[in-house]
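One chain comes next, on its own, written out as structure tokens in the form predicted on its own.
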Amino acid sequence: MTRQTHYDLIIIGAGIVGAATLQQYQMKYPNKKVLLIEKERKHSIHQTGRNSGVIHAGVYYPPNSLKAEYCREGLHDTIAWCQQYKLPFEQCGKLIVATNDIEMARLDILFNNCQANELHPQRISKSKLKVLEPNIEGQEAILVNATGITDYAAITDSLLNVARQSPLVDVIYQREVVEITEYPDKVSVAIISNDVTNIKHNSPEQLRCEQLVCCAGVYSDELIQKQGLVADFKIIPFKGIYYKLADKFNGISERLIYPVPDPEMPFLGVHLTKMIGGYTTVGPNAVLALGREAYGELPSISEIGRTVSYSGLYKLLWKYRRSVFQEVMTTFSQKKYAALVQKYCPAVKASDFSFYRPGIRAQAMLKDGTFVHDFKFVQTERVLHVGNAPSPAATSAMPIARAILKMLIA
């Protein structure tokens, strides 16, 4: 069947946010034509398929922030979708465990934040923690029962399958966007094939649409620039290394076990996660990635240059130099990595680790070296870019999609 060249809406990016936007748009506007473009051979290759699968409740996010609002809504949306389409999930709850006096003070702040976000947290004493989780040690903890686990790649697949039941929905893979041009009455999107088995037809293909939504993750700032706009931030990739624990640890905890994070950083620390499938992982740490897809191999010189040329990066690295050094050490030493877990789970040793898929977080950073902590959107009359959508974007995907639709109408 011949594909259309003019659509009511084109969406770029087949991660969970792009898929949710496609499904929500098709459900609201069943008679409109929509196209989803993905540069990879299938969906969920990057952040969506490489996270820890946690259904977040909104523990860490400031009240009235977009993250707090969308995360709370998204938790219920995610569970409802899993129930409706028979997808795996478990609302197992999470414990945030304080192991020293500094963390105890931070735990108080987190508890108040949980209350403000209406999460009904419980303070767990040292003795009660031992009853709930015999293998976990700490001075005190917060219990958030709403938190769960799922498989976000499976949810993304389901969202796409539901949307593609309509004959007006097209999804194409292995196509890269090379140019975005906005006119008063339309948007033009030029794409090329990156399928190495079919490069003979690699001249740009021109597509047109009434509106365009870019859900490009780690490439969000690049697509803003391809539209000829100036982004006031840059996406800096941070790599998170995970390990799978030996099978004897499959039942090490009934709940997710988190450390108390540094409130200045957007990372949650190395946590113990029971996964869909019955096994347990630890991770992630957070180190600068030299490339946006640098999971293992060394990226290209141009990709390295893109990352290290941003002045704001050095301001951040210097400000948090002690934490940066510690994170780097855990990358090169499994023993030091294991020590982070042993703070709250002494039974885990480095010899219990086996390599698991790493992930890269697309984190927006300003020129002054500060992180963009909330979700961020960049919008013109006909184009909307999801500029910053790191965790908890997977949990929040459906509320983000609804917000996008509202912004498109406006």
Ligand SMILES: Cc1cc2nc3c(=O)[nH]c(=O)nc-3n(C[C@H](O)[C@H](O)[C@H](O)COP(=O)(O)OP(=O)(O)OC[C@H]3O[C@@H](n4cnc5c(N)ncnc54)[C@H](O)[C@@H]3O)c2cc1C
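Residue numbers run from 1 along the displayed sequence. In this text the structure is predicted, and so the values were computed from the model without any measurement.
Omitted here: the form predicted in complex with the ligand. The next part is about that form.
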Judged by heavy atoms and a 4.5 Å cut-off, are A216, L223 and Y242 together in contact with the ligand in the model of the complex? yes
Partner-contacting position among I235, L159, L212, V177 - heavy atom within 4.5 Å of the ligand in the model of the complex: V177
Please run the contact check for G58 against the ligand in the model of the complex: heavy atoms, 4.5 angstroms, yes or no? no
Indicate whether the ligand has at least one heavy atom within 4.5 Å of a heavy atom of A401 in the model of the complex. no
Partner proximity in the model of the complex: I37 to the ligand, non-hydrogen atom cutoff 4.5 Å: yes
Decide whether Q24 counts as a contact residue for the ligand in the model of the complex under a heavy atom distance cut-off of 4.5 Å. no
Per contact check vs the ligand in the model of the complex (non-hydrogen atom within 4.5 angstroms), the hit among 24-32, 346-354, 376-384, 359-367 is 359-367
Going by heavy atoms, what in 359-394 lies within 4.5 angstroms of the ligand in the model of the complex? G359, I360, R361, A389, P390, S391, P392, A393, A394
